[in-house]
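Just the one chain here, laid out as structure tokens, in the form predicted alone.
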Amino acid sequence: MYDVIIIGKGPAGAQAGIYLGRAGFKTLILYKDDGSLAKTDYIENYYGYNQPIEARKLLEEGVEQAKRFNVEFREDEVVMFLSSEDNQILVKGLKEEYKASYVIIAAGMTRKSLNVPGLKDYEGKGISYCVTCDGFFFRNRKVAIIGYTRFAEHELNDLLMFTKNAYLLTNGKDMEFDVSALKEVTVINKQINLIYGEDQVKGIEFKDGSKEGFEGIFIAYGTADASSFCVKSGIATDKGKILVDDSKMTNIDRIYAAGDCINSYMQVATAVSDGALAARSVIERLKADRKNAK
């Protein structure tokens, strides 16, 4: 059990961790990769550096600084949050499950993971992003999951609790897991041309002109970025950005967000600022919680 779990080890996440760790709160940072900043060569416009600094070096120094204040780091891919009545938040990862009193999402810029005609038209009309949320409605029906990564594997395992008539559509991508153990699953490797339907989704047309009918389609394409686990967890977004109030809290109590996932001005400076402000808000609440518990 942690006081705070932070999702993402970029500038926003590390800065939040530094503030929380220095304040003496038990903090865990979960990350699935080094983030988009690691793909940048040099940073020239960040305060305090007279000469350009390598982006990766800046990231590494932020992580080491957080570790100096006893912040823990674990590599895992977050897929969902669940809030409980006892003011705890369950963070579900592909590897483990974690619990905390508060969460700060600092997962970077959300990405549109799949762009095919018809996708947006049938969201909520047979297309879903959350098997845990909506799998029950497709019990014993013919259902597809679009994906190819371990995130798709996670969703497939959940889907098989509701139906054995399951398909995995890779959209022409190489699978990153062994699907052979899931004997009920039919794999289609063709590239997707469009998703079609009427009032509800009806199926998928492939680039080769063939079609396959489905009663439901789950999107688990690429990795579980902020946009996907926010949709699954009921966190409000607008145009791919997480909505927060002045304290950096989302529409769900005890879940905060900071950095590129809330900010259209994607700079290290604003990410660090967001991380500090989100951490400060959480610190004040943690102090109040401890005072009330006495």
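One rule holds for the numbers: they count along the sequence shown, beginning at 1. Rigid core here is just the name for the largest C-alpha set that superposes within 1.5 Å across the two forms. Only a predicted model underlies this, so the values are computations on that prediction, with no experimental measurement involved.
Below: the form predicted together with a further copy of the same chain, not depicted.
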Handout entry: in the model of the complex, segment of 199 to 207, 79 to 87, 213 to 221, 131 to 139 with a heavy atom within 4.5 Å of a further copy of the same chain
Key = 131 to 139
Problem - The single option of Q267, T237, S247, N251 touching a further copy of the same chain in the model of the complex, heavy atom within 4.5 Å - result: Q267
Exercise for the section: Verify the contact flag for L58: yes if a non-hydrogen atom of it lies within 4.5 Å of a non-hydrogen atom of a further copy of the same chain in the model of the complex, no if not. Expected result: yes
Exercise for the section: Please run the contact check for N157 against a further copy of the same chain in the model of the complex: heavy atoms, 4.5 angstroms, yes or no? Expected result: yes
Problem - 4.5 Å heavy atom contact, L37 and a further copy of the same chain in the model of the complex - result: yes
Handout entry: Any non-hydrogen atom of R280 within 4.5 angstroms of a further copy of the same chain in the model of the complex
Key = yes
Exercise for the section: State yes only if every one of A14, F25 and R68 has a non-hydrogen atom within 4.5 Å of a further copy of the same chain in the model of the complex; otherwise state no. Expected result: yes
Exercise for the section: Return yes or no for K92: a CA shift of at least 2 Å between the shown form and the other one, with the rigid core superposed? Expected result: no
Problem - Closer or farther in the model of the complex, the Cα atoms of F136 and Y98, when the shift from this form is 3 Å or more - result: farther
